[in-house]
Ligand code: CAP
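As structure tokens, one chain now follows by itself in the form predicted alone.
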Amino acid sequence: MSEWYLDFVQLGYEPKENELICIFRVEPDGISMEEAAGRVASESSVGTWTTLARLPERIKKIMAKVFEIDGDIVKIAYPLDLFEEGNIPQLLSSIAGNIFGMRALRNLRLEDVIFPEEYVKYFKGPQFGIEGIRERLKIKDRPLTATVPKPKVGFDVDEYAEVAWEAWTGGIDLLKDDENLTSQNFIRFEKRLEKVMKIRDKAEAETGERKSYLVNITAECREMLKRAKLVADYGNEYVMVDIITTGWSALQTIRDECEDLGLAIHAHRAMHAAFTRNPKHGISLNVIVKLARLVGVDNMHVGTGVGKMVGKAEEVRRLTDLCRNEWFHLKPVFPVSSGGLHPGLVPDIIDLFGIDVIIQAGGGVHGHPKGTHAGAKALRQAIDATLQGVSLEEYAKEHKELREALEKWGHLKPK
């Protein structure tokens, strides 16, 4: 039956400007690379496992075409007629659907997708982008700071609000819920939101700085819509969504609702490593970041290059470029660096990202020997020192919070 699959292989074909291109890493299982590539193109477009008695010529015109094979890298061009406009779930059902279950392939990884402008134009992208977020928070010339109260879950409302106060008054810009904190019985969503927003207002009055709350609305889609409305009613600027566990369909719905409500979206990537971590099989973070920007999140976690999460500096730099580089009409996304960060790593983070980054430290704030308030101050001091071109050790001589942080962690890169 390989003849049918080889019909999808047209090496040397020149993709049209309006075709979508997928780059796969393919490992065949007992068949040639050409046939394996043809199977991917077939199953992700118009094909089936056998030849057909009838195949109209107009359908042949929308067959996906394998136009390049280089080692285990396969490039496939897809006519846009294969895809519904503005529908991420349908796109993924095509280019990342049944193909991952084919027995003829030992491994398959979707490394990248190159979207033509004709496809991108149906998406709004970020509502605010980097410039809009900076304007909302009145922060122009430094990285933004964020923290997650630790432990991740378990605080009651009053305990959570106390941590928020200590963090915000110490210099943190954004308080963030953890990915698995939603509305558990010990800290219901509305009560937490109400209490934290009162504390936010007090912290702004105390510090003279703008503060915001990345409140996790992740839930069943209709419940998320209710929570987003509640967030807006309380005067907050942000919602947070676990975009992988929530799903692309729900994210698209929430993006539209947040535009109506004037809310920015902080995207957490929880669960991504289930299919992005294996370098041979699954979907790369390149694709996830591009899809998130298409739909329209304003912040996106991209890793650290130096913290506790998997992701080397080269990958983090690439994902950051995907967030910030010019891409048709889409505004840039604020990259978020998080996972095992503390003040001693701030120079590495700013060297890697520049100032257009949200530096999120959880344990690296709350684990400070003198507590959350001192930890927040130490983080801001590390940023100030780095932007002034002063070593942390030198700056720490006159700033005790930073000195105490360095005494505990130094420049440790946690695993």
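Computed from a prediction, not measured in an experiment: that's the story for all the values here. Quick note: we count residues from 1 along the sequence shown, nothing fancier.
The discussion below concerns the form predicted in complex with this ligand, not included here.
Listed residues Pro347, Gly362, Pro28, Gly47 were compared with this ligand in the model of the complex; Gly362 is the one with a heavy atom within 4.5 Å.
Scanning Leu105, Val231, Val148, Leu181 against this ligand in the model of the complex with a 4.5 Å heavy atom cut-off leaves one residue, Val148. Proximity to this ligand in the model of the complex, taken as heavy atoms within 4.5 Å, picks out 334-342 from the listed stretches 317-325, 290-298, 334-342, 163-171. This ligand in the model of the complex comes within 4.5 Å of a heavy atom belonging to His268. With a 4.5 Å cutoff on heavy atoms, Lys280 does not count as touching this ligand in the model of the complex; it lies far away. Though the partner is left out of this view, Lys198 does not reach within 4.5 Å of this ligand in the model of the complex, counting heavy atoms only.
In the model of the complex, this ligand sits beyond 4.5 Å of every heavy atom of Lys226.
For the partner-free chain shown, nothing in 380-411 comes within 4.5 angstroms of this ligand in the model of the complex, judged by any non-hydrogen atom.
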